[in-house]
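So this first bit is one chain, no partners, the form predicted on its own, shown in structure tokens.
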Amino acid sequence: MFGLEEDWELDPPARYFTLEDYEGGVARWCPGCGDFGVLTAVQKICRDEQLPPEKVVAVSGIGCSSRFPHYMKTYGFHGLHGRPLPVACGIKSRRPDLQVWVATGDGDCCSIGAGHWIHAIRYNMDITVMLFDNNVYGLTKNQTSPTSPQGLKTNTHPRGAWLPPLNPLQAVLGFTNCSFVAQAVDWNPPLLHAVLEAAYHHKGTSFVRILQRCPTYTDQVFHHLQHDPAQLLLLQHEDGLVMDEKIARIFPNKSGHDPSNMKEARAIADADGGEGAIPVGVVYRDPTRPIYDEFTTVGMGMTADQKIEALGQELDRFAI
């Protein structure tokens, strides 16, 4: 009968999230842009992990990749040029319960944001950093970026870029307290998903460089890799990336690289962009590194009175 006590004791249905729960506005990248694949991979991981949308935050700086938060139906923060990492670290320090995803570009991260990049890696807070590397400044219409190939003709270097490109993998492996470095390509969805999933599950700052196509300005840069998988080296290991054999067999070149080996990781990263095969997978992983948000969140459960009392005790130390 309606109104009986048991009618009011029914457990509410468990929430189940579908892809639609993470799909924000319609993405407005150029047709063929690699950013679409990264967005889909992150949304699928959120769905697979059943992360409540209100517990996810996407942070970005400025650039094509930095439109990312607008296309996630989660919390988002569109920051200043080169500043997504300090924003992300600030969020994690005060809201450790949130899953923080950072979308940054090769110019946003490796040029104006390089100083923040170094310190964010050193802090090793529990965030996932995705470097969308299309080798060019795309949003501001074709300027040379730190990762542009030598000789690439752009509006700032119409006769070709003079300097050799920065190697993000080598750079980040040299930063103090680095704990997770990986690389993926946008045109292989299973690989991209697997790498980002491994990054998400790592406790600490996960840095993932994604070779990402720009069909408008650098359409030719990754053609040789797209059409010849033999130029890629798949890194597989039980402590790194474990790929389904149906996907792994696409790659003629494989390595059982142990991601805990920093010396070998640097050698593999050094081959990137050189004469060696381009590595994809987990290059380095060390879960024992200190995690700064474990320090910044100490005392967050204190009441206002407890904080005032603790502050008073500290000030009393200076009493004469």
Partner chain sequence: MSYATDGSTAGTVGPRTQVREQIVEIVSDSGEGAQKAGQAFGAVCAKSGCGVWTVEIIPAEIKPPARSRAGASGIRIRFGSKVITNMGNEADVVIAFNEQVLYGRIQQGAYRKGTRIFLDSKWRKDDSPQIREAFETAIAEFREKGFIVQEFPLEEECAKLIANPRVGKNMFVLGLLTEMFGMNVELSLAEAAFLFRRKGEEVISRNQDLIRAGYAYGQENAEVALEVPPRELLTSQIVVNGNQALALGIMAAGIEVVAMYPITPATSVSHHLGDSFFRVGGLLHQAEDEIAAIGFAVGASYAGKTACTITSGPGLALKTEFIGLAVMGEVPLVIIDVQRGGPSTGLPTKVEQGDLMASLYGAPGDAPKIIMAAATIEECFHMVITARKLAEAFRGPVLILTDANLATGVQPIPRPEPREEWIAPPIDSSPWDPNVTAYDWDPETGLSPRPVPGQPGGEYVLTGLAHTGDAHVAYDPDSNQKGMEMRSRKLRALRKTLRPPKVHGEESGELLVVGWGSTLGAIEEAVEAARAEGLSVSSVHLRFVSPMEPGLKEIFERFDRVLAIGIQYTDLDEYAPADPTTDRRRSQFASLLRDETLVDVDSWSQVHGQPLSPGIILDVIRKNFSQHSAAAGRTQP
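Here the structure is a predicted model, which means the values were calculated and not measured. Residue numbers count along the first chain shown, from 1.
The same protein also exists as the form predicted together with the partner chain; that form is not shown, yet it is the one meant from here on.
The partner is not drawn, yet in the predicted complex one stretch among 164 to 172, 148 to 156, 117 to 125, 191 to 199 has residues with heavy atoms inside 4.5 Å of the partner chain: 117 to 125. The partner chain is not drawn, but in the predicted complex it has no heavy atom within 4.5 Å of C33. Residue contact with the partner chain in the predicted complex: P69 places a heavy atom within 4.5 Å of it. Put simply, G90 is close to the partner chain in the predicted complex: some heavy atom of it is within 4.5 Å. Put simply, K203 is far from the partner chain in the predicted complex: not one heavy atom of it is within 4.5 Å.
Not one of E49, E264 and A269 places a heavy atom within 4.5 Å of the partner chain in the predicted complex. Annotation for 225 to 257: no interface residues with the partner chain in the predicted complex [heavy atom within 4.5 Å].
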